[in-house]
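Each of the two blocks below gives one form of the same protein chain as structure tokens; they are labelled structure 1 and structure 2.
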Structure 1
Amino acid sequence: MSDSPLNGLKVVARASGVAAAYAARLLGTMGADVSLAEPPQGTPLRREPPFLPDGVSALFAYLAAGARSRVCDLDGEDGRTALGALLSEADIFIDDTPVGRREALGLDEAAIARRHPDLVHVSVLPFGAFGPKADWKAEDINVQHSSGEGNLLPNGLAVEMFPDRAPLKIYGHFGEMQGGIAAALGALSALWVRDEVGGQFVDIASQDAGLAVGAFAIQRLGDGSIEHRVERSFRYGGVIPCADGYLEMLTLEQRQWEGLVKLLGEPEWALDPALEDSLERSRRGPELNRHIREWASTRNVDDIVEAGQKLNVPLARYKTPAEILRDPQERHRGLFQPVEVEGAGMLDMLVSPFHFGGEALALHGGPPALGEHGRAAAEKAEA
């Protein structure tokens, strides 16, 4: 897209983990030209399950959609020269190389700043590039629990059904993706002032990004309240089982509660004057949920959602992945785009979780084969 917000921006990513790769993906979706600087065997993300047909990593296919791939073997002089050439033309360098290996590979903050003074150099690690945990390794489960979010899961209906279940993590790579979002925003913030201050080193810790997600629970520590999965602040609503599936409901405002009472048919228990007080509703949350779930258990999800939304009650159906892809709302918003993935065919892929200027963004292609753009550049030079 010629009118993409980051059209003309060049990004180089050395990404072995999700956080750095997702940061590059976000910038690429907004129009930046993204080059993946991969080792000879390719980034470990290429070998990360689940796999599509022909052994293609679904995770890598998503994270690398529209990117270029160049092999840069930093154990040899030719590879370092190749990476240096990429960085000399780049605006942003995103890197998740472990801190202990950076100096030996010429990737430390001082070396990069000396050779490329106008480059925005973004470090993305589980616990940041400085401090006592800088050398620590972590998977997504470590990131989520170290940021406090894991202690709050499962909650709502899940913890009621399985009260003895140990703390869990959100499925997938939620914690690492939060780090990727922070890295993309940090890169753009540094780019914003580059004309005044030159290139900068941006240090991102996925743990810090996760802490920001759970800021409400952290804020409550100040008044002596410790958030726990069995004692969340919103005591009624949440996941509601219905006759043919589940819905999610959360009424935070008085008008939303009043709409819920009308949706329920104004039963006598809901007209109790004491329930006009939001604090009283929270205190009596388990009682309210029993009534709500009893009412919903004999009704279909779509009927409840259609009626509830007309009454300003915030609620929505829990959908399967296939239902999401078929949903007219997602289609209307352009959230998914058909993308060709070699070996797997044409697949519907999430483009971006946001619009820009009121319009959907677009992907520039599927994931690259290892080193394909480096080979193309070499062939062009020889010709």
Structure 2
Amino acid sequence: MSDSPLNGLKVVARASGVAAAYAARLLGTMGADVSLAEPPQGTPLRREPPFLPDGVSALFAYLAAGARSRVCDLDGEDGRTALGALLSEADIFIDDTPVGRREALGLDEAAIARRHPDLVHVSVLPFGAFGPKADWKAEDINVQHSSGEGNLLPNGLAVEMFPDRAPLKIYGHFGEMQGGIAAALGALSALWVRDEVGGQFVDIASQDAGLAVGAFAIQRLGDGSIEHRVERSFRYGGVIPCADGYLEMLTLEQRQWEGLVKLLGEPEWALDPALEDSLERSRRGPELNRHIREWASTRNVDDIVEAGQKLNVPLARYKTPAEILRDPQERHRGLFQPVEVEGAGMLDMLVSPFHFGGEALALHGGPPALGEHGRAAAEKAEA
């Protein structure tokens, strides 16, 4: 594909949190023209850790790469007019202003629909814009714990080692990003029928999105069992400590188990005919893991993975970010692209997990400087 799939689409985002910003990032990477409408002091995301060596927010840089920045001070008439002008040109407006503050800023559902009837208006909040908890606030840790997966982690080796500790969140902004992905999907779905029904209001909750990706727990509840982080660990395999790091091992199919026995060098314990039965292997999981861990403890991850993949045993190295950056697979795929991050220089930035027409997507650039593409009522901010 010679052009990006969403070329020509115009998106405006008012994002103070990760979910809304990530929705814009996904659409932007797929070709949409994204403008961040920022307050005079910039979105709070510019001040969010982790920070690059020169104090630049790595989080903001990642989320805003390729976007434009326009300052719109909604406390003033000029700023509102400027935002209105942007929206009148836009196809999609993404906003995470808390519900209670929207009306005063002219950003409520009815006002936007009245002024911009063909706009797809996407609200992205932790608990959505509708329902008894619409006013509740949440950071990523709260999103993960309100949507199920928070209570179900860790599993495997970590919960075996620390059974009494508090449940553990997934690193970074996993829960909020699910809200962003759902928002991108909702925006593109609403846009699909715009010619027939006009613009509409899309109400996204990161909690709903986190719950959707955690649907399996609800599935199991209906099947009659309640998941718990201790019980849902794989009976054997899982996170295996090796001499120089960790690997993941998961043999769900019979032929994969047979490959594993070969990989282990066909030791006597593994040749026990009773272990040919998958249920027996599950029952004796801890015993199997003792043997597997003892075997792995004196070997290096890459040696095991290389030999195992030849035997069709599903194995993966737990890779550090530095290892991923230089991995031949990711290099081949064009997962990273050097972009200019002001204050930090040229850095490899993750582009997108999608290829279209056999080609990687491309970023238009790094994160924008505040107001780089326009200012409305900037005088007030400087006053």
Partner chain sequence: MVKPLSGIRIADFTVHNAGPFCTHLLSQLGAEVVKIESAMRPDAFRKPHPVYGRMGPATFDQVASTKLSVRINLKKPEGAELAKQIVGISDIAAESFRPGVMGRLGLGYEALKQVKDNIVMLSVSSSGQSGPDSHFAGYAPLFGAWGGLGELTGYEDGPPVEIRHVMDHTVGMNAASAVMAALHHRRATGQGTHVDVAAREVAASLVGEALLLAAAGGEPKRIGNSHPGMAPHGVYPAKGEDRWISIAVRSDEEWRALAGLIGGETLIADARFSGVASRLANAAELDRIVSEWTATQDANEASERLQQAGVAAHASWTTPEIAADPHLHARKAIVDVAEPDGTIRAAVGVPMRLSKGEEIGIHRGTPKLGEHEDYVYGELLGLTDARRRELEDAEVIY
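Rigid core here is just the name for the largest C-alpha set that superposes within 1.5 Å across the two forms. The model shown is predicted, which means the values in this text are computed figures rather than measured ones. Residue indices: 1-based, along structure 1.
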{"query": "Displayed copy of the chain that is the form predicted together with the partner chain", "finding": "2"}
{"query": "Is_shifted Arg101 between structures 1 and 2 (CA, 2 Å cut-off, rigid core)", "finding": "no"}
{"query": "Core superposition between structures 1 and 2, C-alpha change of Gly265 at least 2 Å", "finding": "yes"}
{"query": "Threshold 2 Å Cα movement between structures 1 and 2 for Asp208, core superposed", "finding": "no"}
{"query": "Value in Å for the CA shift of Leu279 between structures 1 and 2, taken after the core is superposed", "finding": "4.2"}
